[in-house]
Ligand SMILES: NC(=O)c1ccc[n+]([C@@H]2O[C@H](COP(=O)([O-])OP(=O)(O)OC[C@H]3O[C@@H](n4cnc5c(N)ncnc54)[C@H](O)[C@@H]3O)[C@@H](O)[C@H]2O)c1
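One chain comes next, on its own, written out as structure tokens in the form predicted alone.
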Amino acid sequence: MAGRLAGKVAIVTGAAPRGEGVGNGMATAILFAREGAKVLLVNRSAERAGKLAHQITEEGGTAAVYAGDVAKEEVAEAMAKDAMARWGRVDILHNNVGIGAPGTPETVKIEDWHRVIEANLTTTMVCTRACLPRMKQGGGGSVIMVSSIAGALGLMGSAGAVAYATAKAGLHGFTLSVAADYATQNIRANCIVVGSVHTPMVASMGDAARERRRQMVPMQTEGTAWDIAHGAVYLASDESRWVTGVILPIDGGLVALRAWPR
């Protein structure tokens, strides 16, 4: 490909998928490497991340594995130190860790609430905090958050997703705050709002739910992890050097055209 990330070092959290197929983190890591970045694959499962690293190196890319729970501040700091020790810089942080749990405010289990907030929001904060000093040292960087249409729209569902929606909406505010605080230091922060893509995370929903999700989309097609990854490459590259504080839906028009005529 074009080498749009040549010479850059990228950290991708939640890089390896939970099941068969290609997840958003996996697709992003692969495209980052294809575009010339050295990629640190961050995952709780070293085995799954190792398989992805092998795939990337087989293609001629450069990737390494960092295994750990980066919701813990000391682990996130060690992650950033690992990237620095390997390659001497951190240019890109792609915050992709995320989990969900069912429940409305009346039914969500409080332990699920805390777990989802920690995985989606706290992890993003501590990983960003760990990488910002390294980005400043290198003269700038790109921080990318991965949100969801659940954080942008009130989506009706039988089980509810109040914890997930709240956490993802929180990422929008976090993005704007980081963008404002670090713009003068050439560190950009942007957020991808993921639409109805088919990934291992949602594969268990079944064919009927998958079809309902497709029909919600104004373009009447289903997205893939590669659609998300191409957006991430743009936000990570110097092509977006003047882009910061953007909440970017990649969703077939769902957020913008929710009330589209049928």
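These numbers come from a predicted model, not from an experiment. Heads up: residue numbers just count along the shown sequence, starting at 1.
Below: the form predicted in complex with the named molecule, not depicted.
Contact annotation for His230: none of its heavy atoms lies within 4.5 Å of the named molecule in the predicted complex.
The named molecule in the predicted complex comes within 4.5 Å of a heavy atom belonging to Arg48. Within this chain, Gly36 is remote from the site of the named molecule in the predicted complex, having no heavy atom within 4.5 Å. Among residues of the shown chain, Val194 is one whose heavy atoms approach the named molecule to within 4.5 Å in the predicted complex. The partner is absent here, but in the predicted complex a heavy atom of Val146, alone among Ile187, Val146, Val108, Val126, sits within 4.5 Å of the named molecule. For the options Leu254, Ala16, Leu248, Val9, the one in contact with the named molecule in the predicted complex, meaning a heavy atom within 4.5 Å, is Ala16. Only one of 175 to 183, 130 to 138, 115 to 123, 83 to 91 places residue heavy atoms within 4.5 angstroms of the named molecule in the predicted complex, namely 115 to 123.
In the predicted complex, Gly68, Asp69, Val70, Ala71 are the residues of 61 to 76 with at least one heavy atom within 4.5 Å of the named molecule, listed from first to last.
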